[in-house]
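Just one chain follows, in the form predicted alone, and it is written as structure tokens.
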């Protein structure tokens, strides 16, 4: 079985960000989350991008939904498909409540990831997933907003290339506030638990 290859630099940056969040976390949360709490340490959900139907959307279009934000790309050989498969199982475990959740898959490879390519890709995993793309500047600004990291690797002889990227999954409540941080290796039961808290609380 092929194991996920997570770039060392991306892992280091992501781990460092998590450590800083944990070290500085003083904000009291009433809800008993199991995942890393990021309330007050990450900005509200905010962006203006193009979805996989070619429509311009902003964070306001997803208000009222619990949102999972993940940065990846359609040519990703391992981490992205494994992460989306992981989240699909989580959605299945939520049952009907999954209709109040949206997985936002933001491409860090806007050159190749057209809305059509994103649409075919994300819908192969879960109907609650939305593919998002935009200009290189818009994508870079959004990754910096959430302290994510990505870098394009040198192209091979065939012209193909990979993009190294961090793998954090940011969870926002219905009002667009950042609440917890998940990863592709987070136990599905823990993520389901925290999502249900947000969905049931209406917070």
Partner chain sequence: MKRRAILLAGLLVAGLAHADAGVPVTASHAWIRVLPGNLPAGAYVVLHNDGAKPLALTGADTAAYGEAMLHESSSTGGVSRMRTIDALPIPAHGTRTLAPGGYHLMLMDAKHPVHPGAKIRITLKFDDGSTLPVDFLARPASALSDKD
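Residue numbers count along the first chain shown, from 1. Worth saying up front: this structure is predicted, and the values here are computed from it rather than measured.
FYI, the form predicted together with the partner chain isn't displayed, but the following is about it.
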property: Full three-residue contact with the partner chain in the predicted bound form, heavy atom 4.5 Å, for 58, 177 and 195; result: no
property: Contact flag, residue 162 vs the partner chain in the predicted bound form, heavy atom cut 4.5 Å; result: yes
property: Distance check, residue 81 to the partner chain in the predicted bound form, heavy atom within 4.5 Å; result: yes
property: Distance check, residue 75 to the partner chain in the predicted bound form, heavy atom within 4.5 Å; result: yes
property: Residue contact check: residue 99 to the partner chain in the predicted bound form, 4.5 Å heavy atom; result: no
property: Stretch 95-114 - residues with a heavy atom within 4.5 Å of the partner chain in the predicted bound form; result: none
